[in-house]
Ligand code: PFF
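There is one chain below, alone, in structure tokens, taken in the form predicted alone.
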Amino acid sequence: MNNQKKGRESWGSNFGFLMAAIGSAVGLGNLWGFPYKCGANGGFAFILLYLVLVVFTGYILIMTELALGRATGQSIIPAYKKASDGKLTFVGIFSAIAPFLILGFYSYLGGYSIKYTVANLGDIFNANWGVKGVDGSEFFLNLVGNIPESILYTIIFLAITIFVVARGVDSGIEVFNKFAMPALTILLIIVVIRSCTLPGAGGGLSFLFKPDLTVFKGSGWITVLSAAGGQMFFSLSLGMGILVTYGSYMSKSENISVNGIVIPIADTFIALLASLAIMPAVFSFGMEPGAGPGLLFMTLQSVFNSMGVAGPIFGFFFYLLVVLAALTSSVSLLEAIISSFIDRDLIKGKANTRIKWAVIFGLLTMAEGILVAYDALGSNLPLVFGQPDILDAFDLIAEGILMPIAAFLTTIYFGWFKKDFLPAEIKADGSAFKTEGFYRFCIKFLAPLFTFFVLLGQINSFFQLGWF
């Protein structure tokens, strides 16, 4: 076993690393964020800009963060400190704060996913804890208002996350993702087949894939770019230190260039599958594609309720895959949070303190999750930074500010000042780097430009400044 009680850990295999890296990317960002943002931003137009961003920015940042982690052999904060001679230490700190805030509200949504899985399972067996006979919106609002139950499911979700992370890199994170990712993909394909064969599903397919760029008129393209960029950062785990941490566990024989291509392709494939699972069903039942975050928990549950006897079965499978997807990402978020503290202790000559830090930060993020649950989506706490609820406030700080700033400064530093550092690491041990010219051009010119526009768009969107 590669896991070492007294030393730094590593992946057991490249396949295990890939499953974990893809798992960190595939989560609620794909199954919750991508479909509703796609629905609210013109469908095809959103997908088009998202793909452009993934090619010219996402791929570049994935390789950059993986190479940074492997070159330094350290997690977020010490990696940025070591690679920049201390100049970018604050960027590492930004990237460490982001997953801490995200996990605070992610655990809340993950808890809801468990609740919906249990409720649909209850309907299969005609139990009294199901959702049958209750409108999807009503069921969701009842759960939001039931603070003790929301807190309970948040705690359950985080307890599973803590358990997996505490077991270590190859014995916990890698083993879990080797099971979870294939299972998630199979479940998603089952739901896609059912969704796309519903009467009237063609409207959803046209919405997703029929070219329509009317939302780009005027400055509308910046709004769509902002939404697609924010989704890309969240979905691909960029600017939050996860890939730096996972890269630090890679061996020199693993090809970063190849892995850097596989990860965004797999993540985008799952995101498109999620849209195919949701949008045809939404159009089939005459629902609103731009329904916002409620699309996952209100609109879709109403769809399942309308399917008759088969509804609870497909509802159970769908929300089970949402739970698996959420857990693969929450595990990576907690790992990114604690890894810098583990490395700090190892540098000081201490034994591996993984379990201690997993429990400490697991409990701290649990406190965040409980706070989000108590707020009940804006019902019980005052406004923070002008946001409607504490969930959006956490999201603003992490996804709207810290992550794009971290990514922007990373591209500037490694694209203009220390431009040979990461290509040298990517080519370590004789690995081919066939896209080096493309990488150097993008990290110097295109990636900084795109990340800067995403940052402006995120700030404009969160604070409703009306710039565009």
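From a predicted model like this one, the values you see are computed outputs, not experimental measurements. Superpose the two forms; the largest set of C-alphas matching within 1.5 Å is the rigid core. Numbers for residues come from their place in the sequence shown, where the first is 1.
Form predicted together with this ligand: not shown, discussed below.
Although the partner is absent here, Ser275 is not a contact residue: none of its heavy atoms lies within 4.5 angstroms of this ligand in the predicted complex. Taking the partner from the other structure, this ligand in the predicted complex has no heavy atom within 4.5 Å of any heavy atom of Ser75. A residue is said to contact a partner when one of its heavy atoms sits within 4.5 Å of a partner heavy atom; Gly27 meets this definition for this ligand in the predicted complex. In the predicted complex, at least one heavy atom of Phe234 sits within 4.5 Å of a heavy atom of this ligand. Taken together, the three residues Phe17, Asn177 and Ile263 lack any non-hydrogen atom within 4.5 angstroms of this ligand in the predicted complex.
Contact with this ligand in the predicted complex, judged by any heavy atom within 4.5 Å, is made by just one of Ser113, Ser332, Ser195, Asn120: Ser332.
Interface residue among Leu184, Ile242, Ala281, Ala358 relative to this ligand in the predicted complex, by the heavy atom within 4.5 Å criterion: Ile242. Stretch-level contact analysis of 28-36, 429-437, 415-423, 52-60 against this ligand in the predicted complex, using heavy atoms and a 4.5 Å limit, identifies 28-36.
Looking at 98-116, the one residue that comes within 4.5 Å of this ligand in the predicted complex, counting any heavy atom, is Tyr106. With the core held fixed, Arg70 shows a CA shift below 2 Å between the shown form and the other one.
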